[in-house]
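In the form predicted on its own, a lone chain appears below as structure tokens.
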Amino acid sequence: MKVETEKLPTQRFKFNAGLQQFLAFGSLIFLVIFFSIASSNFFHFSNIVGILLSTAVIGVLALGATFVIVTGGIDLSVGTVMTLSAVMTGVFITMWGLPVWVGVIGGLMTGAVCGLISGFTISKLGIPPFIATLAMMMIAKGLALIISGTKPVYFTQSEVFMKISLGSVLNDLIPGFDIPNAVVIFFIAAIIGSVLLSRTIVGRYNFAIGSNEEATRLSGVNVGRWKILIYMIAGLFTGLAGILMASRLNSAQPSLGMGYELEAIAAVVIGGTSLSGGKGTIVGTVIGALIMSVLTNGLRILSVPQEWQTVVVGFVILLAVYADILRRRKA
């Protein structure tokens, strides 16, 4: 009887999480149907590919943000760290003339090091995540401008680099199926993130820390060390987003990045991850990122002014957070 009683919260959580994902997926389908009816230009192959391509960068950023938010933390630095990773990739490839694969690893490591510093300041120095990542946001922004000399770093001498995002391996395998590599990389990253979060010890401690950090510490888990690792994993995803962005633009733009963190966090919350920590899925984050892109693209096709698009997206985020509050009250 006791065992059955202990299973109830877990079953209730799984039911709520499943319901949240179902509602998010239903909202995505509704938006696609609505915009398809509202405009004949929406449901075209080229436009769908455009939506997927625009989802790739924000989606990868949101994957990393999911790990952090599940711990009950927040990372405001993902936008500018993404830019710094792109700039460092440009330094390795364009300025130093190193091979593309070295530049890619350099970009990933830049994100991981920034995550390491954020995780250290949060877990070892006791600085709240909001403040620590706000400081990292400013540091990364400043470094990106200093290293690049406030000018864009172009990859014009490396055609291979541009193909990382805009090439299409699928089109080579299946002629006519012209899906950009960035989209494929996004979904592969989502699969890796889902496995990490749901099938590994990193994921189990991630949820444990987010559910009850003190209880996790008292059970003998080195919470500080795992938090640093989690922020490093988030940094790797951020570095990957920077590479995809630089490849797509064929340049590293040091002034970009501000505001991307809010879109990534919004995608995570819309996908059902709780801002209070302990709950969340990668599948939900992917759906949340797609909802953001479909909504923005659909409003643009309907010629809704940019300022009103921002207002609508703001309302959607507000509804998602309120739904999270209602879910926690019932849990």
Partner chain sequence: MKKVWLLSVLALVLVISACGSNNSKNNNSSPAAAAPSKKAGSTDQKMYIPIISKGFQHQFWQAVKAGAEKAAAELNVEITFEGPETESQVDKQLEMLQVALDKKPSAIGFAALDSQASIPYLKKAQDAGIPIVAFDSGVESTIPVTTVATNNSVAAGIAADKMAELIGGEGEVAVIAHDQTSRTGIDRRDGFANRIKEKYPNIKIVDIQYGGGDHLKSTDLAKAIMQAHPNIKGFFGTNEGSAIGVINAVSETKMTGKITVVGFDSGKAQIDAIKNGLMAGAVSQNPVGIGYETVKAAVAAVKGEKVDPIIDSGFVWYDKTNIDNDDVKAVLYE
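Numbering follows the first chain given and starts at 1. Predicted model, so just to flag it, every value in this text is computed and none were measured.
Not pictured, yet referred to below: the form predicted together with the partner chain.
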| item | value |
| --- | --- |
| The unique member of 74, 134, 256, 196 whose heavy atoms fall within 4.5 Å of the partner chain in the model of the complex | 256 |
| is_contact(residue 265, the partner chain) in the model of the complex, heavy atom dist at most 4.5 Å | no |
| 4.5 angstroms heavy atom contact with the partner chain in the model of the complex for residue 53 | yes |
| Residue 149 within 4.5 Å of the partner chain in the model of the complex, heavy atoms | yes |
| Exercise: residue 27 in contact with the partner chain in the model of the complex, heavy atom 4.5 Å | no |
| Candidate stretches 30 to 38, 63 to 71, 272 to 280, 292 to 300, one within 4.5 Å of the partner chain in the model of the complex by heavy atom | 292 to 300 |
| Sequence-ordered list of residues in 112 to 138 near the partner chain in the model of the complex, where near means a heavy atom within 4.5 Å | 116, 117, 120, 124 |
